[in-house]
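Next up, structure tokens for two forms of one chain, structure 1 and then structure 2.
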Structure 1
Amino acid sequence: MIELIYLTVLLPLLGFIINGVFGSKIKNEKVIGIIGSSTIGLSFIITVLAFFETLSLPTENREHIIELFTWLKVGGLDIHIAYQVDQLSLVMALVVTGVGFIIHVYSMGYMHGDKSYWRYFAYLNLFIFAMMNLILADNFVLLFLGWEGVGLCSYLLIGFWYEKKFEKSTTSEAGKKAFIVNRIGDFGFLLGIFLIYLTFGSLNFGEVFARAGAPGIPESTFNYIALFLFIGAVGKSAQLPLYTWLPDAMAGPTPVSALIHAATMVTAGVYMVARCSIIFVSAPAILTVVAVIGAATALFAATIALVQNDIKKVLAYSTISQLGYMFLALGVGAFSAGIFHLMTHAFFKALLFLGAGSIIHAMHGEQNIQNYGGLKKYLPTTFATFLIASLAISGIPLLSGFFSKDEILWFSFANGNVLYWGIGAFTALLTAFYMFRLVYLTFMGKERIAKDKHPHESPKVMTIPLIILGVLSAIGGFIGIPALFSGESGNKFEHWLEPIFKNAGNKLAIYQTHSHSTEIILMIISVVLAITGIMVARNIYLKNPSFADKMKNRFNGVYKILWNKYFVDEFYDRLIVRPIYRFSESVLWKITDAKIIDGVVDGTASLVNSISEKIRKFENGVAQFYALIMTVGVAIALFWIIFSL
């Protein structure tokens, strides 16, 4: 099945073409939905089979490259459409096709009755196509194709309901913002690719990483490459300072938020940095930047999530914050911990978004959690699964998020410093708080539902996906049980990825020995923090609702800043967007083009005109005048000839 891995790319493309071309004529929702979902389902099956085949091979034979054809061959550049099947790409492919398939099925219920049902499934398939290219590519250019491709699908799906208003503006405005902010990241990514080509003479992973591992290349070059690549990752994975597009991306249909803006696309930056681990460990300064940005984003986004009232907004900021954790992990050299959290996060965050979708569906589009309350009895399945996911993200022991988040916290302490750990742990407290603020305001307490809304549980096609993801969120962490508990066999997940990060790990060589007792103490602290967060949320939002308002009034300044997301959007708008626009319009277009350049052009024309007017006076038709001029001319010519001899 490894040789057939390209089918996991082509099947979604086929689905896109069928639904894209014939979808509007098929009209039958079931047919469209089944076409769209089955292509991803088949891709998932192929991936699973390829995974087990790889698993059966000895460790040193687990990397395969499946080549299709030559794409760009110019000068020293030799780029193929070729897919790399190895431990890392298989993990990613399992997540993308697996979670992708579940979300496709869920969408069949969620999008029921939408007039552009076919278009939705076409875009969703196109997204999986691009995402598979991104994670299976064996070179930077193909990765970049997927990278921009997912950005396009994100753009199309955010603006899917293009007639709809979104907050103060429109959904298509939000889509455009996402694309453009991503392109700012891509600008960095491209420069990184160019510098890689200049440095290593190739853009194929195998060659680049082999040469990067060899000595002889100055650290400053690595610093530049890593910095440029990281700019790309910051854009795609919504980190400071390029995160602003992700909250707006919530304008899209909720399953899209689950798939693209939580589980898969936004983790592409994490994947890319992990893939280039050897480059990043060769640039220690930038590795620190990665850790700092990750930690800062984790905390920053979590503070905003504390006060938001839109259920999807809370989850969006939570995603940004969790992505920050992943970058923190990468930044301290714990690459497999980063990927592990990427996977568990895909489970529980997809589940949270799908749960939110189920709630929004039940509430006929209402997204304000202040207008929810007591939904538990109407939406039992949604509640149960949402609760599991919330416990998982909060890091309650034995659930998936506990293992992955704790691994990150541990490594940020062991490989990094107390500050990283402190920020991570404090963010964990905030996470538990805002998640359970959400849970309590939504499912428990007094009903604050508008009279015209009649909440009801979603159909099976939506709840079964919730249950599957609920199971994954609960037990998904067991494949990455730390060596601390599993003893001899060690961390299975880390062991599986070990060959990928071996070279980076050797080069980094910062693993300090810490005692197991330190690890246990830190773990206990983080669990206590999580439970504290939950309990505080419970005390405020369940027991003492007026307390929230009191706090709001007491710390009005802080609240306003958080509510307005630190005014970052406004800041960008005033300081960058508008000045560029005004400068382009008035200085470049209306002055440089219209006045200066055209002034010269038109001026030359009128100058010629006026000179000819004057010269014309010489042609007055008086023969004597001509004779005079001629005589003078001859005289001058004679003088010139004589004196120059």
Structure 2
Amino acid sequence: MIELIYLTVLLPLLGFIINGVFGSKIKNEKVIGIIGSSTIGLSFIITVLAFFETLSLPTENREHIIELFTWLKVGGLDIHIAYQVDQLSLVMALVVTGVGFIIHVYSMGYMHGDKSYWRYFAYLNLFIFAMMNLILADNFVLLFLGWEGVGLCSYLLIGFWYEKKFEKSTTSEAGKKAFIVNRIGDFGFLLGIFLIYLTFGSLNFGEVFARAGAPGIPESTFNYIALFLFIGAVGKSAQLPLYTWLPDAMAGPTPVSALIHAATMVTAGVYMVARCSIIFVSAPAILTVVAVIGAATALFAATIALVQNDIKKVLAYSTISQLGYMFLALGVGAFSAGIFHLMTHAFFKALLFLGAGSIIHAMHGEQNIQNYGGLKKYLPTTFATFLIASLAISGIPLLSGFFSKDEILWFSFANGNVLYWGIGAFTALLTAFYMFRLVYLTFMGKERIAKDKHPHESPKVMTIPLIILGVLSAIGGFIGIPALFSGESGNKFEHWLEPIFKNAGNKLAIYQTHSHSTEIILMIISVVLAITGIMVARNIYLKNPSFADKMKNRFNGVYKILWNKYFVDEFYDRLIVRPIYRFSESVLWKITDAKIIDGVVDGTASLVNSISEKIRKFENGVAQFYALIMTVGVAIALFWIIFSL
């Protein structure tokens, strides 16, 4: 099946073509949904078979390049449409196709009755096609094709309900914002690719990473390459300061939020940094920047999530925070831990978003958690699965998030410093608090449901995906049990990815000797902090609801800052957006366009018109005038001939 891995890319493309071309003519929603979902399901099956085939091979023979054809061959640049099957790409492919398939099935129920049902599934398939190109590519050009593809599809999916109002604008504005902000990061990524080619003379991963591991290249060159690549990751994975697009991306359908913000697009930056690990460890200064940005983003976004009332906005800022965790892991050299958290996060965050979709579906579009309360009895399956996901993201022992989160916290302490660990641990406390604030206000306590709302459990096509993701959120972390508990066998997930990051780990050479006692103490502290966050949320929002209002009034200034998201959007609007609009209007439009460009075009037309007016006088329709002109012409010709002899 390894040789057929290209089908995991082509099948979603086939689904896009069928639904995109013929979808409007297919009147049956079930047929459209089955076409869109089955292509992803088949891709998942092929990926699973390829995984087990790879698992049966010796470690040194687990990397395969499946080349289809030559794409570009210009001078020294030789680019192929080729896919790399190894431990890292298989993990990503399993997550993308597996979680993607579940979201496609869920969408069949959630999007029922939508007038553009076929267009929705066409866009979803195209998104998976782009993402699979990104994660399976064996060169930077093909990766960049997928990178730009997911950016385009995110624009289409976020603005899917383009006529719908979203906050102060429309969903199409939110899609445009995501597209433009991502272009800022993509420009940096493109510069990094250019510099890679200038430095290594190739854009194929194998050649670039082999030469990057060899001596002779100045550290400053690696610094520039890593910095430019990381700028691309900051934009795609919504890190400071390019995170502002992701909360607005909640304007799209909820399954889109689950797909983009759980398993696919936002994790592309994490994957890219991990794939280029040898480059980043060769630039230790930039690796520190990765850790600092990750830690700062994790804490920054978590504080904003504390006060949000839109259920999807809480989860959006939670996603930004968890991505910060992943970059913190990458920044301290714990690449396997970062990918491990990427995987577990895909399970519980997809479940949270789909659970939110089930709640919104039951509440007929209501998204304000202040208008919920007591939904537990109406939505038992949604509540049970949402609770599992909330416990997992909070880091409660034996659930998936516990293993991956504590792995990051441990390496942040062992490879980084106490400050990294402290920020990560405090963020874990905030995560538990805001997630259970969400749980208590939504499912428990006094009902605050409007009389015209009649909540009900979602159909099985939506609840079965929730149950599957609930199981994965519960047991998915056992694949990465830390060496502390697994004994001599060690962390199986880390061993699986070890060949990918071996050279980077050797070059980094900062791993400390494991102190099990220290690791246990830190683990206990993080669990205590998580439980503390849950209990504080319980005491405030269940036991003493009026206390929240008292605290809001007492710390009104802090609350306003958090409620307005530190006024970052307003700051960008005044410092960047409005000046660009004013400059575009006063200079680019009124001067450059209207006067210079239009002036040249209109002036050319006026000149031609003026000359034509004069020439036209010779065409007056009078035969005698034409005879006179001919006589004069003949006379001039004779004089010319006579005097030229």
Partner chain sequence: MESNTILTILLFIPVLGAILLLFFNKKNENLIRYFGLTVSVIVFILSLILYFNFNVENGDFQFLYKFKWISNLNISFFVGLDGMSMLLLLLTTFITPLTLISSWSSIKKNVKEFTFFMLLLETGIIGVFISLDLFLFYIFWELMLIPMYFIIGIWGGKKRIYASIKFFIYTMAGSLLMLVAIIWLAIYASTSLGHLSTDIIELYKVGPAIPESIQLYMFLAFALSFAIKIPLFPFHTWLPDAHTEAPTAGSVILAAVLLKMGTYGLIRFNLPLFPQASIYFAPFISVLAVIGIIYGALVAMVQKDMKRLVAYSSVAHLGFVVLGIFAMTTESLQGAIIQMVNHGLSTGALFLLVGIIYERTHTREISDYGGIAKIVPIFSFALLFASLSSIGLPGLNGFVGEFLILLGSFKSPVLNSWIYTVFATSGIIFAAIYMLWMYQRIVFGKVTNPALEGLKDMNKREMFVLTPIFIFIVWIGIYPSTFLNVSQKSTQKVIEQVFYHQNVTIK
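For residue numbers, the reference is structure 1: its sequence is counted from 1. Computed from a prediction, not measured in an experiment: that's the story for all the values here. Only the largest set of C-alpha atoms that superpose within 1.5 Å between the two forms is called the rigid core.
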Number of the structure representing the form predicted alone:
2
By the 2 angstroms cut-off, has the C-alpha of I597 moved between structure 1 and structure 2 once the rigid core is superposed?
yes
Quick one: core overlaid, is I17 moving 2 Å or more at the Cα between structure 1 and structure 2?
no
Once the two forms are fit on the core, has I45 moved its CA by at least 2 Å between structure 1 and structure 2?
no
Superposed on the core, the Cα displacement of T631 between structure 1 and structure 2 in Å comes to 32.9
For V587, tell me the Cα shift between structure 1 and structure 2 once the rigid core is superposed, in Å to one decimal.
3.2
